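The structure tokens that follow cover one protein chain in two forms, given apart as structure 1 and structure 2.
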Structure 1
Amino acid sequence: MKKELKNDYRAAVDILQALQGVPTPKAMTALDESFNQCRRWRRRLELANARNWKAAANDSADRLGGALDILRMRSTHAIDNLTRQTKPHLEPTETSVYRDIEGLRGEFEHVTIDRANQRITVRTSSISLEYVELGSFEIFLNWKFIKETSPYDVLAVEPNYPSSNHSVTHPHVQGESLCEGEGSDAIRRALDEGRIYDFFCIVDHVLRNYNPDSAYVQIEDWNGVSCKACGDNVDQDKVVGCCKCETELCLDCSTSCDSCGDRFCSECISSCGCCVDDVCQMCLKSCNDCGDSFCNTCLFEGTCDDCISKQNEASEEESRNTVQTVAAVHAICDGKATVPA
């Protein structure tokens, strides 16, 4: 016990030194780098468009979009930093950090300190959201990086992955990163002020709450998949993917092609212009004459029934005209026909 108290106090001293010894990252410098990235990709996009290099233009547009997105995030981070600087700031002490560590040992059952790797690990109790059991999570704080943007990781002890995404262990945890949502400012402020106890409690609180607007996977889809057509939740083994666009559907919202038997969404299946059977766009063929779409069964050598009928009628009409012409010629030759005066 005495050894543990001693270790906790030394960790408190280390954390305080990390807070005081590492300069705050220069958010404005990162902002300048993002501006330069955006300018560079904008120039390449303009050049590619001017020279009609379509592939290069598409690539530059994608990269410019990514650079703008990073610029947006860094701008938000810079604004948050400026806001924090204007607020009253608590100065941590060795004693306050040590008391926080002792508070953690009273709040959480599993707290470990690894001074060699400069890390505090806290394990939460089991977490359940809307009747979905997610299990316990370990929160690792790397105090060496405590002044950086995200100095901690969140890891599921026994992950209960959603059926649709095995990189997500919690609606707000992807990989080992927590989407902090509205808790972002409180988390950053607790770290800046060395309030270790508050930091772990806030992260634990975020893990115990669910915001559908910022979820990587909706909790109602955890054990299944939402049909994109009707919205019903479907077990993973009963989901049907459209064979063309891969949209996930329930069986009732997918349609089987009467030609190939594969299933499609309503956007990717049509009907034969003759028999009206459901036929996918890949199995539909165009009539050589009228250009309308038909299934293979309703085409004869590339022509639909209507066009064949019209061709037959035209052929019969031509035959009749030929017979009448021949008969008229024979009548004239035999002297039976009336010859105009």
Structure 2
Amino acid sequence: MKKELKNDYRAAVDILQALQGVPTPKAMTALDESFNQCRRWRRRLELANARNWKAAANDSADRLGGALDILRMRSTHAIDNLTRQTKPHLEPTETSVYRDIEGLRGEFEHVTIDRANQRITVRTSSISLEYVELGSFEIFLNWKFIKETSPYDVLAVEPNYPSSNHSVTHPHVQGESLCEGEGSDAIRRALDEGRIYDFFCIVDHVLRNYNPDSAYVQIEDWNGVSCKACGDNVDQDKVVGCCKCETELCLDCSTSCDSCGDRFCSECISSCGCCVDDVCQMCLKSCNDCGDSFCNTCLFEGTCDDCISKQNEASEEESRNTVQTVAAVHAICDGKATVPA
């Protein structure tokens, strides 16, 4: 026990030394990242609209909305920070950092200090989001890099990867990096001020929340993929992507094109104007006469059956008229017809 207290105090001294010379928090960096996110999603939305990819456009619009929301929030934080920079900055002391380590031991079950590697590790209790069990996470703070942008890693103890992506362990953790979202400014501020107790609490709370508008993998797709039409959960290897807009669907909600055999969502499949077979927009051709859309088998040399029938009727009518005219002329010539005086 005495040894642990001594170790904690020495770690507090080390952390304080690492903290010395910490620059003023740079809220503007987060703001720049948000601008870039908004630009990225706006470009994707424009592209999806230009190509008429409805599902992709809807998705991009949702994500742009989320990015704009974060930009608005970060703008507020940036204004707050500019205001607060004029106020005195909290200066950590050896005692305050030591008390933080003590506090962590009360707040979390597993807290380890590795002075050789200048690392303090906290293990969260088990985390479950929307009934998906993600297990515990270890948060490693490398105090040697405490002044850097991201001096910590987040590692799943027993990862429950989503079936679609094995580099993701949590909707907001990829590799060992947490995307802090709303927590970014508070995390940076806590680290800059040496409030490591608050830092770990904030990270723990970010891990316990789920933001569906901005997740590497949506939690409903964790154990498969949610069919965008009926909402059923489908195994990753059984999911069907619409060949036009890439919307993910179950087999029942996708329709096979009777011409090319590719599968499409209900918005991207059409039907032949004659045989009413399901045909994709790539396989549909316009009739040269009426302009309606038909499958290849219902067109003969670019013309639909109806137009061919009409053409045939017209030519038969024309033939009949010609025959009648010729017969009439012959009758006159033979003197069998009455010629008006």
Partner chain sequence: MKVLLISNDAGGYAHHVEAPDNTTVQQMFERHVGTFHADSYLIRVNRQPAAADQPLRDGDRVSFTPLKIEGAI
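Between two forms, the rigid core is defined as the largest C-alpha subset superposing within 1.5 Å. All residue numbers here follow the sequence of structure 1, with the first residue given the number 1. Just so you know, these numbers come straight off a predicted model, no measurement behind them.
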Correct structure when looking for the form predicted together with its partner chain: 2
Comparing between the two structures on the rigid core, is the C-alpha shift at Glu158 2 Å or larger? no
Residue shift check between the two structures, rigid core fit, Cys243 Cα at least 2 Å: yes
Any chance the CA of Asn117 moves 2 angstroms or more between the two structures, core superposed? no
Core superposed first, then measure: what is the displacement of the CA of Cys275 between the two structures, in Å? 7.8
